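The chain below stands alone and is given in structure tokens; this is the form predicted alone.
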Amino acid sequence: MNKESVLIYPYDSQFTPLLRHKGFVDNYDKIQLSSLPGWGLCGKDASYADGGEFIGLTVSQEFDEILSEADTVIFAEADNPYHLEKMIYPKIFSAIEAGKNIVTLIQVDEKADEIKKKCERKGVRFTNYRENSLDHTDFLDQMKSEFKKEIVDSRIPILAVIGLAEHTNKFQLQLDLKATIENMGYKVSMVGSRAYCELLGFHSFPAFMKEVISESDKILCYNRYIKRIELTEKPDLIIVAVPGGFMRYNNKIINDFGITAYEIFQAIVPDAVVLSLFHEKYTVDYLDGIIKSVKYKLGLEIDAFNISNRQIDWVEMTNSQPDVISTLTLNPEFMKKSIEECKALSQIPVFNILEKGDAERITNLIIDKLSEIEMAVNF
């Protein structure tokens, strides 16, 4: 079966984890990237977006010029701000007119019907992953009518991936851990932190968690959602990734006050936890404070820290919109030195998921812990 060529637009660091994911890359014969002027990526390797290892794909500014070489165009989310009406919809319609299949990972609700009709007339496919993410109505109705008001324990080990906030390489972390554990021969089910994870072959964060239902019903539904995955897929491990942050970071970065994380960890009790942080000049007291905060807010023990190569740009933050996080990307050599300094301060193992070999090291740590738990239970 011939593979398609694909064009990603608008490309920035939000999409980079997918380019580092073999399951995505192997689906396509050719991958092209187009970014927007002013984002500082055009003419550079795709890895420039996240500061990680070289990828081998050059980012272009010329969407219209490279469109002819693509079979499918993926319109992606981005960390950088852009204007949907001016920068996205015209590109979608020009791609349809050029006979290209359309995949949207962004919210296009107000134009979705128009896009669908134009695609049908042109005889091309339209896949709206944000629409698919809302398709939990039947499950929600079923759960609300059938479940008792009680929590059901999981018999399968659960690994939780949480973050202090967004932009901490959390999506890269969950993808790499899943792939590494699977390479060891284990069957892994995962509920990702984004709304289009079905594109990569696993479950998106369920849309009912954003529905207008009571908070207790959300907790009960999430509990049954994980239980259904356990019973139907029969994995060796379930990875649960939590969107957003687990607490308010400060008065401006509120992370929805960590409400989603609180609800998830009322619904399930993970057996292992990896926490992803911004890069900062950490102290022993600061790291100890994070450990205690997670323990007393969520009832969790952290097994590993992932320190991302993203650091908050506090100067830019003074002028940014509320809950918009401006960050700086740090180079690999600086990160190596900084991670070593952090390891000397932390009682918890410290890693950087963009550092070669750290995915395997985190995985081995988690597998060792889960094996000890299983041996203790059997004993």
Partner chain sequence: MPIDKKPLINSFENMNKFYFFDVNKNKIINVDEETYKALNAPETTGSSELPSIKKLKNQGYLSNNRVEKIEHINGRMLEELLGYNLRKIILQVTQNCNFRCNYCVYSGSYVNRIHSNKRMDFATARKGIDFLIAHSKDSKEIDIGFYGGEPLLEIDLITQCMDYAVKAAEGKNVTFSLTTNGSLLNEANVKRLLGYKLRITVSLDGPQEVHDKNRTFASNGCGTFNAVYNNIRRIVEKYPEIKRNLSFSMVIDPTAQFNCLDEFIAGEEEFFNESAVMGSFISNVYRDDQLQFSENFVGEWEYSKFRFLLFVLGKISVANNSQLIRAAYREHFEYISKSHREITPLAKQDHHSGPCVPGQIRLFMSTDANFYPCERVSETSDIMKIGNIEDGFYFDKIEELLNVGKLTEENCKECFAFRNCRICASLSDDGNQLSKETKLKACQDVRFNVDEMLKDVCTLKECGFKKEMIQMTTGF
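Residue numbers count along the first chain shown, from 1. Keep in mind the model is a prediction, meaning the values are calculated, not measured.
Quick note: we don't show the form predicted in complex with its partner chain, though the next part is all about it.
A residue is said to contact a partner when one of its heavy atoms sits within 4.5 Å of a partner heavy atom; Glu316 meets this definition for its partner chain in the predicted bound form.
Shown alone here, Ser326 lies within 4.5 Å of its partner chain in the predicted bound form, counting heavy atoms only. Taking the partner from elsewhere, Gly40 is found to have a heavy atom lying within 4.5 Å of its partner chain in the predicted bound form.
In the predicted bound form, its partner chain sits beyond 4.5 Å of every heavy atom of Tyr28.
Residues placing heavy atoms within 4.5 Å of its partner chain in the predicted bound form fall in a single listed stretch, namely 278 to 286, out of 193 to 201, 119 to 127, 254 to 262, 278 to 286. The candidate site formed by Arg20, Ile162 and Asn169 is entirely out of contact with its partner chain in the predicted bound form, as no residue has a non-hydrogen atom within 4.5 angstroms of it. Note on contacts: among Val350, Ile55, Val59, Leu36, the single residue with a heavy atom within 4.5 Å of its partner chain in the predicted bound form is Leu36.
None of Gly185, Pro81, Gly99, Pro90 but one reaches within 4.5 angstroms of its partner chain in the predicted bound form through a heavy atom, and that residue is Pro81. Along 101 to 120, a non-hydrogen atom within 4.5 Å of its partner chain in the predicted bound form is carried by no residue at all.
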